[in-house]
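Taking the form predicted on its own, here's one chain by itself in structure tokens.
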């Protein structure tokens, strides 16, 4: 048995635990944001955590109406820039809490007057020492190098925080119902060994989504690159049509994430354009119309709401990456050249 597959299957339970465990912490940080008159959010992260930060950007802006920027850590680490951080929450997301550049961004921001917070899976890590508030993923030890359960628990903690910041009982209710949808998504594992056969020798592909699921495209592409060494290129469905769609011709693989919601109609239009160019689509959706456009359709259960759908949509993407890696003779638990903790400056 693989650590990665085990950790994919565990995710609904860990998400439930993270939400139950961090309600008080999320409410306390939300209250501090009011007290400090926080108007802007800047998020520092790398790798999988940076994809969680993309989800956080969408959610903060859509639900809480707060502008969010994703930090460029080298501004602090290489150029020693001194920013004016007043009225800003600077949040780091790091599964290990040991990313040197992310820690330095928070340290610099704190010295410059920012309110600082972190989302991490390690309570005793360096990032917690430079954070005024720490929210934990509660995902247990993650043994596979490719992150899965620390990603979805980070998404859950983000949604929990935004729900409290915006006082959105609806978002918090959607989040409480999400683990059951995640469990339903695990059924996709049964079809994956056959689904990946067509792509055994794939060298490159495009991974497409829009809106809150832009994080899903980014993370799904990263998982395929990490575990199967595929050049997987993630794009917004809108950005893809501004040039990159030119790469699509007969048989070019496109992975299309199209859950129900505001982004669905535009993704359906894009899928039709890819079909017209004879691209081969792996489609992750619940709508029969969209699934019918896929050479490989992967039915994905509806989430309680589009805002929490990235926690559900990523599961079949993780499973596809795992089974493709195994089929190609790679080790999804320990990809070549990678370690669990990466320190960059």
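Residue numbers count along the first chain shown, from 1. Note that the coordinates shown come from a computational prediction; the quantities given were computed from them, not determined experimentally.
Another form exists, predicted in complex with another copy of the chain; not displayed. Remarks below refer to it.
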- Task: For the three residues 98, 174 and 333, verify that every one has a non-hydrogen atom within 4.5 Å of another copy of the chain in the predicted complex; reply yes or no.
- Result: no
- Task: Spell out, yes or no, whether the shortest heavy atom distance between residue 168 and another copy of the chain in the predicted complex is within 4.5 Å.
- Result: no
- Taking 4.5 angstroms as the cut-off for heavy atoms, does residue 29 touch another copy of the chain in the predicted complex? no
- Would residue 212 sit within 4.5 Å of another copy of the chain in the predicted complex, counting heavy atoms only? yes
- Message: Would you classify residue 280 as touching another copy of the chain in the predicted complex, given a 4.5 Å non-hydrogen atom cut-off?
- Response: no
- Which listed residue (192, 182, 245, 144) meets the criterion of a heavy atom within 4.5 Å of another copy of the chain in the predicted complex? 245
- Any idea which of 312-320, 296-304, 281-289, 58-66 reaches within 4.5 Å of another copy of the chain in the predicted complex, heavy atoms considered? 58-66
- Query: What are the residues of 143-169, in order along the chain, with a heavy atom within 4.5 Å of another copy of the chain in the predicted complex?
  - Reply: none
